[in-house]
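What follows is one chain in structure tokens, specifically the form predicted on its own.
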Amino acid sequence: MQGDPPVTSGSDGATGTSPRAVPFSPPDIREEDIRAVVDVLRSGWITSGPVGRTFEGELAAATGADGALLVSSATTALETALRLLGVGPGDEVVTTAYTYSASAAVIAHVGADIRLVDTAPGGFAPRVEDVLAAVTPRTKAVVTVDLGGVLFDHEALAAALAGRPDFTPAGPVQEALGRVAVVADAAHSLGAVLRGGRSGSLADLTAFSFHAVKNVTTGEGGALLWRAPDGVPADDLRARARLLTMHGQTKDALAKTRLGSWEYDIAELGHKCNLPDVLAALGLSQFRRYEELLERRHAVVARYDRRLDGTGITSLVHTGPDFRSSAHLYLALLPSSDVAARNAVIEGMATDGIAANVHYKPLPLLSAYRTLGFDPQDVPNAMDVYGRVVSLPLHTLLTDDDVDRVAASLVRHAAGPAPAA
């Protein structure tokens, strides 16, 4: 019967047992990761300390950033970036309507006004010119989004923002920068490359996520990376970022444990959002094999592309002559935009034991943003993509048979019910 799940190598062909479920994005935890965490637990020092500092150094070196700071989430990293710039009440920050809430919520958290930009027709990101059209004399930053792991052209945007006569800086860091800042929500894009530059070094400030479903995970966590503007030492940015994420305390817990070194000050009223070593150890272990993980993710993307070729289902493009994504999400696009029909496809795939998803609801569809006055009618391109998108499982635990099964299930359910006999 058409509704029966196919028998694959993951099933009992002799008995006809249903194949194993295909989860959306489970963590790839290996024995070396477990050993790394256990080593920290046995060390006697489990909060922020030497393991995290090592991870920060390796992140900065691998990406080409001037520095990195581990924090509790990418959301924290984005908010800290805006606070480093001095963004606050009376300011505006531009971001895309097609993203997760964190990209925009942090703007409200610092007291600034959110300006949303629609995506390009048929695309997942705005065009640079549309972002520029939303910039006003009150704009202090643009939060760009690397959706699915494909890099936004942060450098092209920064170049276009330079030299605007109506720009006024929000604080000393931005004054040194001399223009509206580009802050990358790179929660999806660790390891992505554009024109030879790596995610983490292409925007002025970059936020990575190490949430449980990300390519590299610490369970929960993130990192803030930066390029220091001329005249602002990278170490000064690091010190200021640490203050903002450690209660404004001038000495961290590790430094205070040194004999006779208890004295400290609270220089400002900061937040508490550091990442402990017990979590950093997991991320560092995974990061050290990240190239292997990236290769497998891209192999899965390529296999999906081959299986969906010619079906009328398209997808977010992950490679090109001058770019390569981090292959974080496989965003398949159905031929027509119909939310109910798209949801029926996802429900049908679930009957095959396959977990599919949607990334994302455009922000004006969400209650909190409707309350702020945003209207879905103002972002028709984002709404069109939303009604077509199905996020397929993409992770390093997928087998080739899993990928084939997922693709076949998508095509079958996207075709609709079989005609009556």
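Heads up: residue numbers just count along the shown sequence, starting at 1. Please read these numbers as outputs of a predicted model, since none were measured by experiment.
Although not depicted, the form predicted together with a small molecule is the subject of the following passage.
Residues in which of 314-322, 237-245, 207-215, 130-138 have heavy atoms within 4.5 Å of the small molecule in the predicted bound form? In the other structure, the partner sits against 207-215.
Answer yes if any heavy atom of residue 369 is within 4.5 Å of a heavy atom of the small molecule in the predicted bound form; otherwise answer no. Taking the distances in the predicted bound form, the answer for residue 369 is no, it never comes within 4.5 Å of the small molecule.
Looking at the partner-bound form in the predicted bound form, is residue 374 within 4.5 Å of the small molecule by any heavy atom? Close contact is absent here: in the predicted bound form, residue 374 is far from the small molecule, nothing within 4.5 Å, heavy atoms only.
Proximity of residue 102 to the small molecule in the predicted bound form, heavy atoms at 4.5 Å: Contact check for residue 102: yes, within 4.5 Å of the small molecule in the predicted bound form.
Is residue 73 part of the interface with the small molecule in the predicted bound form - any heavy atom within 4.5 Å? Flag for residue 73 set to yes.
Using a 4.5 Å cut on heavy atoms, which of 281, 94, 301, 145 is close to the small molecule in the predicted bound form? Of 281, 94, 301, 145, the residue with a heavy atom within 4.5 Å of the small molecule in the predicted bound form is 145.
Sole residue of 82, 187, 332, 224 within 4.5 Å of the small molecule in the predicted bound form, by heavy atom: None of the others qualify; the residue that does is 187.
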